[in-house]
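What follows is a single chain, given as structure tokens, in the form predicted on its own.
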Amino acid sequence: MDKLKVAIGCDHAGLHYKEAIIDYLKFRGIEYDDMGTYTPESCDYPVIARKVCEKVIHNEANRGILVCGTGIGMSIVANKVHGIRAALCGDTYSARVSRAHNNANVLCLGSRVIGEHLALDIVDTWLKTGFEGGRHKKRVDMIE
């Protein structure tokens, strides 16, 4: 795996998963920026999503990971940020293809939708997968 730096954030519903993902990142020696939230108190996910996306678009992180209850809110906000290609993934195949074909730079997860072990498998797959380019590059360029 190339040298990665991941910006990670969550709302109150995703706090436990964010902490588990940070443990995974530490274990793998992957640098990260934790953009919050840090407590189980209710918070506004759009604020966190934008903080993570800003890190990615300003090249302060290679990729971002966002976690909320369903992943839907985070993915909607993230995809409003120019230059972000956020993928809501609930399985490892989607995680792999989101990187290989779509060059997704933000991964969104739903803590109330998938189990923690699956979430960690998705993160592992997503971080290890590179962009294939080729015919997919043309399509990704069309998004911009």
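All figures in this text were calculated on a predicted structure; none of them were measured in a lab. Residue numbers run from 1 along the displayed sequence.
Although not depicted, the form predicted together with a small molecule is the subject of the following passage.
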The small molecule in the model of the complex has a heavy atom of only one listed residue within 4.5 Å, and of S94, T70, N62, N102 that residue is T70
Using a 4.5 Å heavy atom cut-off, indicate which stretch of 33 to 41, 115 to 123, 72 to 80, 50 to 58 touches the small molecule in the model of the complex. 72 to 80
Could you tell me if H12 has a non-hydrogen atom within 4.5 Å of the small molecule in the model of the complex? yes
